[in-house]
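What follows is one chain in structure tokens, specifically the form predicted alone.
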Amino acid sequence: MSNSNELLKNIVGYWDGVERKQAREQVGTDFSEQKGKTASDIAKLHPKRLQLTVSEIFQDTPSTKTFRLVQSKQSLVNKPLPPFQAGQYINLYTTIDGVETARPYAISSCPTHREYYDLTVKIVDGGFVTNYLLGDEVKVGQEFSSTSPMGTFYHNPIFHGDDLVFLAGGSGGAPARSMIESALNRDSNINFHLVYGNSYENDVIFQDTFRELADKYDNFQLSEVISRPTEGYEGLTGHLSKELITELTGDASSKTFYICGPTPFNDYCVEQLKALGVEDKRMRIECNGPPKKPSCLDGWPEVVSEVDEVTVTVKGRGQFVAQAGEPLLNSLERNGYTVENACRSGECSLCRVKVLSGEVFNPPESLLRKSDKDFGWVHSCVAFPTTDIEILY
């Protein structure tokens, strides 16, 4: 026996370990039988597509409905529905007049209810999908497909703290309901203040729910603000100015603000909070689609009108005419080109296309990376062609 082996035999348990190792090598595995298991487990928790059925429809306000969606009976995914963070959304796919499209909607139900998702939809002037959903065509029993829950608009206790203010406008009450109910149901020490702005006092989504929660929980405060009150209305009126925010919430410097509503509402709230000295890291903003008036934003070419027509060429696949003021993704869908998408607000980057020639206006919410800009990639959901362009995807 060599000197090294002579030394090793004096180490208690060494040779027993060698023998066990050799025995296991005879019956061991290269884990090939586990191939695909991780992907399968992930798919059960977060499948790429869900098949959902409308089980109930609630008329919340004159302009708003909530659609309760359950898993379709023929779905291959096991119940319950995938988990989600309060504040997240799903991207709902549908076909309207032959156009395949999708829209993201925040889940307004609480994450503890895993047997259904509630989507609360408010009418939008000229809204293609909202007009369809809120019309008479969608009935109980209708089926849709969607993504799994996604998005980064949720409470992170490590970074956001426990002194929270939610500035909601109109449909922004949907994620607010989910986040607030989730926090209160956990009996957490979070202090949550909802400042809820709406145009009309008879069109406030979840008004009764929020009022009941405010009466029940000491750590939840509700402030309702109406911008177009009827004569004799006695509540708070106006817009969420820095003066009103300070009056309602006190010192804003140490609070975390969640902001969700129409894009002009979000922009206005951010402007007011910055005037109060609130840092960017203390503001969490949920975008609600592309800008409605891109020509009003800095950087839009002065010589271009939103109704100007441009030719969009999809390399090797065809071309079509679109208007400069229409998001590129929308015009692609209208003309039969399917592009993977989710947020439709410039955040997720799933809808990226490469601009080979021509000019495209990218608003601030496009959140393009440096590499995107260097190599011509744009987020088509918030990209506006201002000249004839050729793209590749």
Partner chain sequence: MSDSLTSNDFDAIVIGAGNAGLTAATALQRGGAKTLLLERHNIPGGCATSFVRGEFEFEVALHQLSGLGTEDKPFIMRKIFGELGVMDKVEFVQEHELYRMAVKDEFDITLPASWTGIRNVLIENFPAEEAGIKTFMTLCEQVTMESFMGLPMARKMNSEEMLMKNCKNYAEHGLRDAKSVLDEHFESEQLKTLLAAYWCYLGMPPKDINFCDLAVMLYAYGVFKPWHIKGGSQALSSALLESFLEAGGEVRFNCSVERIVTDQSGDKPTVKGIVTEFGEEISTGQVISNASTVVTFGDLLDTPVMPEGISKDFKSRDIGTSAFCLYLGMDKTPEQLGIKNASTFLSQTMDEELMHDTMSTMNPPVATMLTCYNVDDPSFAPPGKSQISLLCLQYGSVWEDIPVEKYAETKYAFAEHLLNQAEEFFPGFRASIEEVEVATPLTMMRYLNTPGGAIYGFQQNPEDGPLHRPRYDDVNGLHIAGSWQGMGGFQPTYMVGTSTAQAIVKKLKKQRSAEAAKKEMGVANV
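Computed from a predicted model, the values in this text were never measured in an experiment. By rigid core we mean the largest C-alpha set that fits within 1.5 Å across both forms. Numbering follows the first chain given and starts at 1.
As for the form predicted in complex with its partner chain, it is not shown, yet the points below apply to it.
Checklist entry - For residue 63, is any heavy atom within 4.5 Å of its partner chain in the model of the complex, or not? => result No, no contact at 4.5 Å.
Checklist entry - Is there a non-hydrogen atom of residue 257 within 4.5 angstroms of a non-hydrogen atom of its partner chain in the model of the complex? => result Taking the distances in the model of the complex, the answer for residue 257 is no, it never comes within 4.5 Å of its partner chain.
Next on the checklist: I'd like to check something about residue 156: if you look in the model of the complex, is any of its heavy atoms closer than or equal to 4.5 Å to a heavy atom of its partner chain?
Outcome noted: It does: once its partner chain is placed as it appears in the model of the complex, residue 156 has a heavy atom within 4.5 Å of it.
Next on the checklist: Test of understanding: in the model of the complex, would residue 354 fall inside 4.5 Å of its partner chain by heavy atoms?
Outcome noted: Close contact exists here: in the model of the complex, residue 354 approaches its partner chain to within 4.5 Å, heavy atoms only.
Next on the checklist: To verify the annotation, which of these, 152, 202, 230, 189, has a non-hydrogen atom within 4.5 Å of its partner chain in the model of the complex?
Outcome noted: Comparing distances to its partner chain in the model of the complex, the residue within 4.5 Å is 152.
Next on the checklist: To verify the annotation, which of these, 137, 279, 309, 251, has a non-hydrogen atom within 4.5 Å of its partner chain in the model of the complex?
Outcome noted: Of the listed residues, the single hit is 279.
Next on the checklist: To test your reading of this chain, name the stretch in 39-47, 66-74, 52-60, 328-336 whose heavy atoms come within 4.5 Å of its partner chain in the model of the complex.
Outcome noted: Partner-contacting stretch among the options: 39-47.
Checklist entry - Comparing between this form and the one not shown on the rigid core, is the C-alpha shift at residue 31 2 Å or larger? => result After core superposition, the displacement of the residue 31 C-alpha between this form and the one not shown reaches the 2 Å mark, so yes.
Next on the checklist: Quick check: residue 375 between this form and the one not shown - does its CA shift reach 2 Å or more after fitting the rigid core?
Outcome noted: After core superposition, the C-alpha of residue 375 moves less than 2 Å between this form and the one not shown.
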